[in-house]
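Shown below, as structure tokens, is a lone chain in the form predicted alone; questions about how it binds or moves come after it.
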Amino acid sequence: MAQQLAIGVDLGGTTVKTGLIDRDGKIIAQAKLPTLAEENPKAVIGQIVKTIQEVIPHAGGKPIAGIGIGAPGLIQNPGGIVKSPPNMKNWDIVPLANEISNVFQMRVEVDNDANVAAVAEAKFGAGKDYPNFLFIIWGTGVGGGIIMNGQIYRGLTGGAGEVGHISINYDGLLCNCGTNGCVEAYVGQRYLSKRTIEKLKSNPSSKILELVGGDVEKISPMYISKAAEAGDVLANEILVEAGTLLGVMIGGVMNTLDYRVTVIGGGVSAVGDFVYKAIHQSVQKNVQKPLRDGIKIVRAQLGNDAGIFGAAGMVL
């Protein structure tokens, strides 16, 4: 029997990345184009179609199981309807799955980009050995996905896994979502950098300032992590605190789902091992005693290709 293939589309606000993937997680071909998000849905769909058309010939006649698409915003399933994705102009409600299946006459699945990244790690990455795990994207914000019995759990309307908006302090910092104390408001990249800038006012000798050449606008978790690994006390404190707060939220989810494993990806997840240790210790502290055995905090493996892998994984 011929090796079955699938097409994965990573629809970002800036770039559309598409790959032809086999069941072993090998990328056979890739294509990339600007999203044209500042124009309209028709223009964006046109770019998606072009990238798919570019990779299809590389299948060499082998069967293609279908097309998976990871998209920002709220996705209504069944139907693959993308509703008002952030950073895409003139886009209200678009039945994206239908638009693409009408062109290619094959199965099309669409899901939220966080869910898609969770599927990627479940099928091809750090979660392959774990049928049940919580996936977290720790980047500009905090997103997530729930893998249950090897499949993504979407909830009633597709909104399951929004763990960044679990409050860890009902009277705490105001999050962009309008709720007080969301974990995202403490550990998301934007907030983390902002709080670091504030703390540097009373710590002007911190190595963080040296690494960014005195330009506080350049401060990011990468520089904070580098400073911490070079022995900077403030940087260490900031990241250990972030890991501890993230662990409070994860502990709550572990209690709710009776899970043991969390896979963490996203831009901020590249921080040093000492942060993962802080997360692990915090989770251990915040779960019920009978659930503490086997708690694992694992780094995601697929990086920038997670969107392509996960999208393809939805139809393989």
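Numbering starts at 1 and runs along the sequence shown. Keep in mind it's a predicted model, so treat the numbers as computed, not measured.
Beyond what is shown, the protein has a form predicted in complex with another copy of the chain; the following relates to that form.
**Q** Quick one: of Asn203, Ser193, Ser101, Ser167, which gets a non-hydrogen atom within 4.5 angstroms of another copy of the chain in the predicted complex?
**A** Only one listed residue qualifies here, and that residue is Ser167.
**Q** Quick check on this chain: which one of Val216, Met148, Met222, Val233 has a heavy atom within 4.5 Å of another copy of the chain in the predicted complex?
**A** Of Val216, Met148, Met222, Val233, the residue with a heavy atom within 4.5 Å of another copy of the chain in the predicted complex is Met148.
**Q** Counting only non-hydrogen atoms, which stretch in 266-274, 31-39, 279-287, 48-56 is within 4.5 Å of another copy of the chain in the predicted complex?
**A** Flagged stretch: 279-287.
**Q** Find out whether any non-hydrogen atom of Leu245 is located within 4.5 angstroms of another copy of the chain in the predicted complex, and reply yes or no.
**A** The answer is yes: Leu245 has a heavy atom within 4.5 Å of another copy of the chain.
**Q** Does another copy of the chain come within 4.5 Å of any heavy atom of Ile81 in the predicted complex?
**A** Judged by the heavy-atom cut-off of 4.5 Å, Ile81 is well away from another copy of the chain in the predicted complex.
**Q** Are any of the heavy atoms in Gly178 no more than 4.5 Å from a heavy atom of another copy of the chain in the predicted complex?
**A** Gly178: contacts another copy of the chain in the predicted complex.
**Q** Under a 4.5 Å heavy atom criterion, is Gly252 part of the interface with another copy of the chain in the predicted complex?
**A** So Gly252 counts as contacting another copy of the chain.
**Q** Does any residue in 131-154 get within 4.5 Å of another copy of the chain in the predicted complex, counting heavy atoms only, and if so which ones?
**A** Stretch hits, in order: Asn132, Ile146, Met148, Tyr153, Arg154.
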